[in-house]
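Okay, here we've got a single chain as structure tokens, the form predicted alone, with questions on binding and movement later.
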């Protein structure tokens, strides 16, 4: 049964949704660190969700990140060319920004549109067709059965997809630098400015964004009501909420990373 909440768009509704998201996050994290149970069915559910999040998102992410990498590389070199005639550090700067922030933060936004919408639509449809109520009647926890596999899949495969997307963006950047500005690939692909803190922060962002997409979208899907119209509303709210959450988390992680993992 869908949870009732105040009229959509009101401040009370936003506070209610935030409380529900915090509760769902706490329960999911508790289950994620608890000893696993469920046997073959649970493993199959995890494998299916990893396939949906990872394999089916990969082509979309590769194409998107290729264009994003090309655009960022072109603009970085173009602006640097107006200030300094030497473009030897453009590649090193591009690589550092890509690893530390852009691959995860920019790539997570299109990932949220695909994965987040799918999760919210699927769970919302299960709610309005009373499949979630049937799970509860069979003494099954919807959070453990439906949310946890999607959360783990988004954390693991979301990280993989974003890392692959980062490599694709890097390759596109190298190509643009070489073709448009005559920067040799070996010069552009410099890691002189890159350090372990950049890699650690980038991976932390990938995993955090993946988990956030799953939790926000699951909460919206499980809160759906009102038939197909409610499912559509929940899907839209999941995409908007996931993108907004990614932006907020980017501010928090970047600020924390500045002090804990400084960009030297």
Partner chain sequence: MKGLSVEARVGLLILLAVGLLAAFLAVLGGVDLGAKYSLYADFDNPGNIKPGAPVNVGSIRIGSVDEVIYMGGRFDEATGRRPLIRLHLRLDREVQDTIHEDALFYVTSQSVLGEQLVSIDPGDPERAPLEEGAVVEGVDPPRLDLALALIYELLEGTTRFLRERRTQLRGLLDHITNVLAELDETLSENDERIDRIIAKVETAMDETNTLLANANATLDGPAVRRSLRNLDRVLASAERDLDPILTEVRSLVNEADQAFGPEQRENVQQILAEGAAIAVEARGAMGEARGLLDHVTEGRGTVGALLMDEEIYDDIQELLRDLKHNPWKLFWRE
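Positions refer to the first chain, counted from 1. Remember, it's a predicted structure, so these values are computed and weren't measured experimentally.
The form predicted together with its partner chain is left out here; the points below concern that form.
K.L.:
Would residue 164 show up as a contact with its partner chain in the predicted complex if we use heavy atoms at 4.5 Å?
P.N.:
The answer is yes: residue 164 has a heavy atom within 4.5 Å of its partner chain.
K.L.:
Looking in the predicted complex, any heavy atom of residue 48 within 4.5 Å of its partner chain?
P.N.:
Close contact exists here: in the predicted complex, residue 48 approaches its partner chain to within 4.5 Å, heavy atoms only.
K.L.:
Would you classify residue 208 as touching its partner chain in the predicted complex, given a 4.5 Å non-hydrogen atom cut-off?
P.N.:
Residue 208 lies outside the contact set for its partner chain.
K.L.:
Is residue 81 near its partner chain? Define near as a heavy atom within 4.5 Å, in the predicted complex.
P.N.:
Residue 81 lies outside the contact set for its partner chain.
K.L.:
Verify the flagged residues 72, 77 and 113 against its partner chain in the predicted complex: is each one within 4.5 Å by a non-hydrogen atom?
P.N.:
No: no residue has a heavy atom within 4.5 Å of the partner.
K.L.:
I need to confirm a contact call. Of 146, 99, 174, 106, which residue comes within 4.5 Å of its partner chain in the predicted complex, counting heavy atoms only?
P.N.:
Here the answer is residue option 99.
K.L.:
So if I measure heavy atom distances to its partner chain in the predicted complex, which of the stretches 25-33, 63-71, 219-227, 193-201 falls within 4.5 Å?
P.N.:
Answer to the contact question: 193-201.
K.L.:
Considering only 63-94, what residues come within 4.5 Å of its partner chain in the predicted complex, judged by heavy atoms?
P.N.:
Read in sequence order, the residues that approach its partner chain (within 4.5 Å, in the predicted complex) are 84, 86, 88, 89.
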